[in-house]
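As a starting point, one isolated chain is supplied in structure tokens, in the form predicted alone.
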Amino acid sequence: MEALKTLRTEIVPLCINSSKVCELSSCIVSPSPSALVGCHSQGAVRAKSRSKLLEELQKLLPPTVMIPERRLEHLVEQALDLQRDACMFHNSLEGEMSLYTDHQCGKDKIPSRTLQVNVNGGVSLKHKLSGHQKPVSHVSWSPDDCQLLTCGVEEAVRCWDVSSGECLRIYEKAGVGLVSCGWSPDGKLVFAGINDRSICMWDLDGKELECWKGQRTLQISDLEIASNGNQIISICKDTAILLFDREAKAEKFIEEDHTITSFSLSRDCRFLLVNLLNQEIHLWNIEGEAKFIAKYKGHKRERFIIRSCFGGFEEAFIASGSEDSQVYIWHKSSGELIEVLPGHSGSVNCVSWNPANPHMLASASDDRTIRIWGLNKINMKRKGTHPNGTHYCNGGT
């Protein structure tokens, strides 16, 4: 505005080079590439267009004076996000959302039909991994799926080559037994819980790099390493979970009122799912200070360790086994039970949701079967996502 005022009050009255004055006024009011010819000042280069000038003004002026850029677009996106989050059964990237009607998916987006039952002869034996002297209590796949860690009860951790079945190396510590195991996200480090309640770390050659003493883990305990490779998560007491930052040497705790039986870490490492002895599953946000988010109830657990998992599109669902031979599925945000899947004839001890296909779920039971669950209807196809041509979202081809 100062430039325009100077042009009007000081330059125009001189009555010289009127064409140049017109060019300058055009450059200020509505600059264009042609009008900018010859304008080499820093201010003129910065104001290449009216939209660029508005962007600069929006950074300076509060929203009450000038509406932020693309505000309407942001409001529309927020409205769509809220509708999607409120939809109990939203479980797919496919399908357009409209502002003309409220968005609502049906139950057909949740895996609820048995596609396959693997019994004793349903899978072929690839290798028999022999060497442990005691029962195996823990198994962990390497990030590239080429190696497998197995841990005997208070014994040693063995690393196996998946292709050959060969034992590549043994991780052990004199005078103590190992009770749990896990990999660093880059697959270059191995971690193990020890029966003296410490946690140790080795490189791939078996050299012990560090050992953290103290009450870090129980004798039989889950063990997870967050995606940054620094945070180690373990059950340190019957009613507490340790979140240990190995770089900062800092500790945080999740305290529960009832005995913890198992836990599961979300893929983005923001949430922890905690199974309790009192037949509840608790959801915690572990970013910063641990914060309790929600609880899930309805499944049965009296005698065995029952495991649960995150799953579905953007991990919007919680699934769990149950001693009543069924699989339970809840909506993560609302905590509402949305599906109960019968089919097994024994306690369902473990469930796993396919990380690449939100419409596929697996469950393992004491009836000695593994069930693969998919959609009731094969109603969505994606071209080019399967080596054989058409890929059906519920696992069929």
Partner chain sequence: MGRLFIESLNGPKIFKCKCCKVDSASHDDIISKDFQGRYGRAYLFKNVILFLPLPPSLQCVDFWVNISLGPNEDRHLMSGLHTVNDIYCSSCQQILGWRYEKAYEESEKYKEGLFILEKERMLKEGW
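Numbering follows the first chain given and starts at 1. What you see is a predicted model; the values in this text were computed from it and never measured. If you superpose the two forms and keep the largest set of C-alpha atoms that fall within 1.5 Å, you have the rigid core.
Separately, the form predicted in complex with the partner chain exists; it is not shown, and the next lines address it.
Segment assignment from 68-76, 184-192, 169-177, 298-306: heavy atom within 4.5 Å of the partner chain in the model of the complex = The contacting stretch is 298-306.
Tell me, out of 257, 287, 81, 145, which residue has a non-hydrogen atom within 4.5 angstroms of the partner chain in the model of the complex.
-> Of the candidates 257, 287, 81, 145, 257 is the one lying within 4.5 Å of the partner chain in the model of the complex.
Selected contact from 97, 204, 86, 277, since only one has a non-hydrogen atom within 4.5 angstroms of the partner chain in the model of the complex | For this set of options, the contacting one is 277.
Please state whether all three residues 153, 261 and 366 have a non-hydrogen atom within 4.5 angstroms of the partner chain in the model of the complex.
-> Per the other structure, all of 153, 261 and 366 touch the partner chain.
Classify residue 138 as contacting or not contacting the partner chain in the model of the complex by the rule of any non-hydrogen atom within 4.5 angstroms, answering yes or no.
-> Yes.
Indicate whether residue 352 is a 4.5 Å heavy atom neighbour of the partner chain in the model of the complex.
-> Although the partner chain is absent here, residue 352 would stay clear of it in the model of the complex, with no heavy atoms inside 4.5 Å.
Evaluate residue 247 for contact with the partner chain in the model of the complex, applying a 4.5 angstroms cut-off between non-hydrogen atoms, and reply yes or no.
-> No.
Close approach of residue 238 to the partner chain in the model of the complex, 4.5 Å, heavy atom | Answer yes; at least one heavy atom of residue 238 falls within 4.5 Å of the partner chain in the model of the complex.
Superposing on the rigid core, do we see a C-alpha displacement of 2 Å or more at residue 153 between this form and the one not shown?
-> Where the cores coincide, residue 153 still shows a C-alpha shift between this form and the one not shown that is 2 Å or more.
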